[in-house]
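Let's start with one chain on its own, the form predicted on its own, as structure tokens.
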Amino acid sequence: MRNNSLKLGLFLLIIAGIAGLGIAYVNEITNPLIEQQLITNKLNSFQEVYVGAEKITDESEKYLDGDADSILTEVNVVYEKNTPAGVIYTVEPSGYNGKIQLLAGFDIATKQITAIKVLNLSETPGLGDNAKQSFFTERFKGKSAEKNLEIVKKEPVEGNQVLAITSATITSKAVANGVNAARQHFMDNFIK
């Protein structure tokens, strides 16, 4: 009986080892493809936030001081003819159900928001998750970077006001807080 248990244990050990090697092999083959797809998706998102960008360079090390509490996670500078033309920020403000990851683009010449794109969120379906929808993100496009954005519940009357998503004010304010953090960094570092 004991001999059978040893044989069975040895057999299972061999099968587990072969399965582990198989998984490692498949991971080694697919990992570069997955990484390339992530880079492609990121570059496509950058193009949505700053249309027509010629060259985009990650300059986070230069512009972020390593503050762990900062909601700014990445700074990408857009170059046209080797001159900075704009900035794309990756920002992670806290929403109703957790972090919201978004991109916010700014144009240096016009001092305006080129666009925003919500990449990832875990907000309430049908309410806060509407922050990904173009009807909301378009409300930020063309806003001046010279003043903090303000979320309002009624039709905006000032140029710095953005209409909240109905029944998702916390999420709307979180997105605006992220854009405002990027806006402040943009004004402090790129506008003279």
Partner chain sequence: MSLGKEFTKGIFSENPLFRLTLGLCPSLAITTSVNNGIGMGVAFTGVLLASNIAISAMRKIIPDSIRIPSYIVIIATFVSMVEMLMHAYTPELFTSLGVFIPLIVVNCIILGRAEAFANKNGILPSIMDALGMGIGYTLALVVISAFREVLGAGTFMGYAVFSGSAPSALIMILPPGGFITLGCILAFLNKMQNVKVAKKAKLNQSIAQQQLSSN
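Residue numbers count along the first chain shown, from 1. Every value quoted in this text rests on a predicted model; they were computed, and no experiment measured them.
Omitted from view is the form predicted in complex with its partner chain, to which the following refers.
Asker: Check whether P125 has any heavy atom within 4.5 Å of a heavy atom of its partner chain in the model of the complex, and answer yes or no.
Answerer: Output for P125 is yes: heavy atoms within 4.5 Å of its partner chain.
Asker: Answer yes if any heavy atom of V157 is within 4.5 Å of a heavy atom of its partner chain in the model of the complex; otherwise answer no.
Answerer: V157: no, not in contact with its partner chain in the model of the complex.
Asker: Using the partner position in the model of the complex, report whether L8 sits within 4.5 Å of its partner chain, counting heavy atoms only.
Answerer: Looking in the model of the complex, residue contacts with its partner chain include L8, since a heavy atom lies within 4.5 Å.
Asker: At the 4.5 Å heavy atom threshold, is T30 in contact with its partner chain in the model of the complex?
Answerer: Although its partner chain is absent here, T30 would touch it in the model of the complex, with heavy atoms inside 4.5 Å.
Asker: Give a yes or no on whether each residue among A109, A115 and A131 has a heavy atom within 4.5 Å of its partner chain in the model of the complex.
Answerer: Zero of three within 4.5 Å in the model of the complex.
Asker: Can you pick out, from S70, N148, Q37, N44, the residue that has a heavy atom within 4.5 Å of its partner chain in the model of the complex?
Answerer: If I apply the 4.5 Å criterion carefully, the residue I get is Q37.
Asker: If contact means a heavy atom within 4.5 Å, which one of 22 to 30, 138 to 146, 44 to 52, 58 to 66 is the stretch that engages its partner chain in the model of the complex?
Answerer: Contact-bearing stretch, as computed: 22 to 30.
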